[in-house]
Ligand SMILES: Cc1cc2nc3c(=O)[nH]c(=O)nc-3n(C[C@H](O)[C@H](O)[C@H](O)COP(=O)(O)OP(=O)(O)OC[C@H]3O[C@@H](n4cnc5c(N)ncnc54)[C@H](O)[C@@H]3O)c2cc1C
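Read the single chain below, which is given as structure tokens and is the form predicted alone.
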Amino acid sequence: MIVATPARHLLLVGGGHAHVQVLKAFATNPPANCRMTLVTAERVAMYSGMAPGFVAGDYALRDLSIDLRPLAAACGAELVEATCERIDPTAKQIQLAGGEVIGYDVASFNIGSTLLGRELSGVGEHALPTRPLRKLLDGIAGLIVRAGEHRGDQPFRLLVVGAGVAGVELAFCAQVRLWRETGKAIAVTLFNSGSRILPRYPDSLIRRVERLATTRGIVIKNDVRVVALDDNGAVTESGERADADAVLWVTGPVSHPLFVNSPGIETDTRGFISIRSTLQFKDNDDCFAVGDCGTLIEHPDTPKAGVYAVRQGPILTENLRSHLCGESLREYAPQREFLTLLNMGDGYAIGCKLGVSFGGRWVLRLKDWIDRDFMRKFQLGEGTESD
């Protein structure tokens, strides 16, 4: 008598840029003798690359929405809408926020990150954060209402805290959108805790941002660290006040507490899971992690940027399949150079590649083509998000 081998259970936690690629690939070529479960806090994933364009008014919400339900259904995966709170790698189980426990044979985590400083006084009450991304997208309508109701004898003051790529894009895109929607003057100040905006990027790109900021009346302040927010704006580390009518919180990434709260899992100093070049946990062959939630042991200084998660997707797909079949795994090395494109609002974008920067309306058209091409691969249904 032939006894069937029990199907192995592949558990995907999070609906990030890499996991949507796994779902799409396994829909057409599933691993043999495998059942799948997708655990995600939200059934609709938002593509971060188009978020500044949404803020600028270039896109409707449906344009940057990936409905995970048809993707999961296409590969026969059960979708569980919940938050993962703890991992037990010894028992091979995860615990959900409601207390439910799910076992696995192989697990992969693509849950992104959260924002530095969200625990500071007043940030939760007075700032619109950019993570989770859905909170930012849902909050833009309210921000427009607030600007529209602002009295007209002085500009509406928007403070953007954080001057990485996202902070820079949102400062420019929000100014354009608020002015167009309200017809009122919008005074934007961009606070940067470091000595220069856009760390790791070429000086030529920074100069382009600074020139455009001067043209549009956006004030950039370096070496300013916010320590608290209140009804009237921000308090800095030096004790100075910065009055503001609204605050966008776009600080650097820190880990969700999941990995720190899970005994027996090694993390870096910021709480991100330590992963090998095969994308496996440092101390566990049956667990994988990709995107912002992981730190590569061999490349610990790799920026937390969506472009890396996108590039990790095909390797994760191949390695999950190989690991389930007992085959050897590929190694991932982060690309040293990649095309950077920043939406600056008003139909204009700037970018850089190999140390050379450029700008123009054609750059935004290029960015739009790249982003829409990526989204077309994963928008299987008609979309569930309204404008």
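A quick note: this is a predicted structure, and the numbers were derived from the prediction, not measured. Start at 1 with the first residue shown and count on from there.
Not pictured, yet referred to below: the form predicted together with the ligand.
Of the candidate stretches 301-309, 210-218, 144-152, 237-245, only 301-309 contains residues with a heavy atom within 4.5 Å of the ligand in the model of the complex.
Among 349, 320, 45, 352, the residue placing a heavy atom within 4.5 Å of the ligand in the model of the complex is 45. Although the partner is absent from the chain shown here, 41, 83 and 256 each have a heavy atom within 4.5 Å of the ligand in the model of the complex. Using a 4.5 angstroms limit between non-hydrogen atoms, residue 108 is distant from the ligand in the model of the complex. Shown alone here, residue 170 lies within 4.5 Å of the ligand in the model of the complex, counting heavy atoms only.
Not displayed here, the ligand is approached by residue 166 to within 4.5 Å at the level of heavy atoms in the model of the complex.
Contact check for residue 131: a non-hydrogen atom falls within 4.5 Å of the ligand in the model of the complex.
Scanning 9-42 for heavy atoms within 4.5 Å of the ligand in the model of the complex gives 13, 14, 15, 16, 17, 18, 39, 40, 41, 42 in sequence order.
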